[in-house]
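Presented below, as structure tokens, is a lone chain in the form predicted alone.
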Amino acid sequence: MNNTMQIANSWPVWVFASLIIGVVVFQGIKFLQLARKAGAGIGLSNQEMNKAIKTGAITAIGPSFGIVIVAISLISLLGNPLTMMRIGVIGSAPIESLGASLASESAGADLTGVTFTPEVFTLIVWTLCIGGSGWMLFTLFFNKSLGSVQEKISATPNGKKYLSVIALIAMIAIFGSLTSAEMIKGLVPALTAVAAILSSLLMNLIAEKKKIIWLKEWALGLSIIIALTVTYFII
């Protein structure tokens, strides 16, 4: 176990993980530059684009809370560099935890036991990397085709309206599925979700009526804090 964690936290693993994270950071910066260029091309002002960037950054804080908690647990099992690489690339801590558990179980090993050998660690690295490559390959090969489909639909009468409805339905379905899956686990998760939903609705309603822009931008982050506070007093 100790020998395995020494390998997991060794400098070669740090080097490869840092290189991959460097690519992710480069992609983020490049995407931001292209988005600004495209925004200027369609007539958006710098103020509007800065507002969109700030809203996106604030929105990312909320989902990151859960990921950070799971990432901390992964660090103790898989080491710092591998956790940084996997969470930094995919960002789905539950999937990475599940992949690591399935890989170790397939080898008859326990992540916290003496059976967690360097060979099992290598198997986990391969499992997580190959498992996450499917999303990247799909984006690489089909992103352009999906863009063509979007252009064709947009060119039809009411096409843009249909796309907006589809995007809204997809968002509601995704967040509804994730939220309902947690709510059925018990009274505390259900009350927590209700507190988050009601506080978010209330803040957005107030922001819309009073024209408070900052409140709309911070509604997600504040609703998470309110839900966590409610959970603390319930437990």
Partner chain sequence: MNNSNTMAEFHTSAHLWGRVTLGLGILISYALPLYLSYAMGYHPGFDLIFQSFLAYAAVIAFVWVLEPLMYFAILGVSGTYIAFFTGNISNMCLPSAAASQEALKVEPGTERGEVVGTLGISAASLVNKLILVPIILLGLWLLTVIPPSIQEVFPYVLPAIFGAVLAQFSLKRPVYGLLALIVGALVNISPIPLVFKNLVVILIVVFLGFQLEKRKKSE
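Numbering follows the first chain given and starts at 1. Here the structure is a predicted model, which means the values were calculated and not measured.
A second form of this protein, the form predicted together with the partner chain, is not displayed here; the remarks below concern that form.
In the model of the complex, the partner chain stays beyond 4.5 Å of every heavy atom belonging to K210. In the model of the complex, the partner chain sits within 4.5 Å of a heavy atom of L146. Contact annotation for T115: none of its heavy atoms lies within 4.5 Å of the partner chain in the model of the complex. In the model of the complex, the partner chain stays beyond 4.5 Å of every heavy atom belonging to K152. Taking the partner chain as it sits in the model of the complex, the stretch 20 to 45 comes within 4.5 angstroms of it through a non-hydrogen atom at I20, I21, V23, V24, V25, F26, Q27, G28, I29, K30, F31, L32, L34, A35, R36, K37, A38, G39, G41, I42, G43, L44.
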